[in-house]
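Here you get one chain, nothing else, as structure tokens; it is the form predicted alone.
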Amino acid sequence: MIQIVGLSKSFATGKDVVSAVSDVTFEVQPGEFYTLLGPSGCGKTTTLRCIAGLETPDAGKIAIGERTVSGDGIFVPAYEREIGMVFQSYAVWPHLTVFDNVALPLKHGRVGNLRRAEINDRVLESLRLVKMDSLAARYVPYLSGGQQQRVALARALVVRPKVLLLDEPLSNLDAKLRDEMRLEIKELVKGLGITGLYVTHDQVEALSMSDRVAVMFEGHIVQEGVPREVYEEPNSLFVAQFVGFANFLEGEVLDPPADGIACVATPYGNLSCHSNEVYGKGDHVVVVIRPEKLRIGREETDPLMNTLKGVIRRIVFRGASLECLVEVGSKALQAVFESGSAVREGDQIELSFAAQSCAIFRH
């Protein structure tokens, strides 16, 4: 449904030229919810704006469905592309009612030539989808942030787009509203069978909403995959650091990887770690361990089980879980245990984790 090949875009800033996107290639399948995830300035919004027709790429090809909209000497303006877009700032008009805001693209966009009755029906249909039909006559300044975001979403859907583009649409909402809107947007897009392309710097949004995630850094896609794969099998130290929380221990390779497992010497003991790369003896590496992979007590059944001794310095109750800060030597490790775990601050404990539950990357 969306095909991007070799997309590049630079911007002139005074005497310098900054490369925002460099040779980016990916595809989004029909009906898929695909997310570009990355820190500010990584190129994700520029990529989205190129797809929307709001920026002109320097190089590359963009196709929506069977139609090339950019590249090969072609540039289709934004209003002729079969897309709907939701902006971070909502971009709703304060002097118009909810109804009139949603009706705007039907009156002035690519659809055109619709009778008043049909416009009325399509606007109310879109407002019903986002649960805003009862507020159709209200003016925007009298809406909450969440309600304004729903209006922006209804306006994007009213043109019945093949592709819905969403640029950090939840970043201005409070935590509770973000949780609600994440679920609603995903269910709505899936229910309508629309192809969704979502841009965010929020890892929770990306992991909870997406069929696939592409992590971007410095204008490039550095990893692409289903959320579980990106989280549990990061292909670089950057991805491990950016996607979710992790513990990092510096060490030195003692034994090069054999059957995908390397032995690493750390100040806290020797550890058996999963490795997808070739390392030599003496190579400096960083061991990455997710907090939820740490267990209390030794498990003797696995010969490659790692153990670390420490003291619990802090416990935070999170309802279904306990977030603990465990002091291991001079290192403070984050661990997540079940809320029923019988642990207290000051307890001396032994942490265990499997070799396959940690990974190593070059320092």
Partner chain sequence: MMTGRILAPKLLRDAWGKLHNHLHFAFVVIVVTWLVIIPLLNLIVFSFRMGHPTSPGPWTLAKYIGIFSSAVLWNALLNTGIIAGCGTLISIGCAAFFAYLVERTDLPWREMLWTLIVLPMAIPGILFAMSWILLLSPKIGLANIVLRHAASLFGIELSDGPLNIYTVGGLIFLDGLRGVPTAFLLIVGSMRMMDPALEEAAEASGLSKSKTFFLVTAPLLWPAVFGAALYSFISSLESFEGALAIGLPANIFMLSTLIYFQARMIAPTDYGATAAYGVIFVLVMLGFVWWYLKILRRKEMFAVITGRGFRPRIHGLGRWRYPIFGIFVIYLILTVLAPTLVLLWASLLPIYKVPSLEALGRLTVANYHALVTGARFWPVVWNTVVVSIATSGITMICALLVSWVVVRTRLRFRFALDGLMYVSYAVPTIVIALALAMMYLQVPFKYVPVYGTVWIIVVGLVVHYLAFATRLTNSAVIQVHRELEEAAHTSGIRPGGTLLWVTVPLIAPAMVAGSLWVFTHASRAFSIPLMLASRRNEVLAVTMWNYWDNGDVGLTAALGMILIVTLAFITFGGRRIIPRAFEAGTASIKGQRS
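As the structure is a computational prediction, the values presented were derived from the model and not from experiment. Numbering follows the first chain given and starts at 1.
Not pictured, yet referred to below: the form predicted in complex with the partner chain.
The listed set 270, 236, 88, 120 contains one residue whose heavy atoms approach the partner chain in the predicted complex to within 4.5 Å, identified as 88. With the partner omitted from this view, the residue of 159, 214, 127, 194 that lies near the partner chain in the predicted complex is 159 [heavy atom within 4.5 Å]. Though the partner is left out of this view, residue 108 does reach within 4.5 Å of the partner chain in the predicted complex, counting heavy atoms only.
For the chain shown alone, residue 95 is a contact residue for the partner chain in the predicted complex, at least one non-hydrogen atom being within 4.5 angstroms.
Under a 4.5 angstroms non-hydrogen atom cutoff, the partner chain in the predicted complex lacks residue 134 among its neighbouring residues. The closest heavy atom approach of residue 333 to the partner chain in the predicted complex falls outside 4.5 Å. Between 278-286, 237-245, 216-224, 140-148, the stretch whose residues reach within 4.5 angstroms of the partner chain in the predicted complex through a non-hydrogen atom is 140-148. Along 29-56, these residues reach a heavy atom to within 4.5 Å of the partner chain in the predicted complex: 49, 52, 54, 55.
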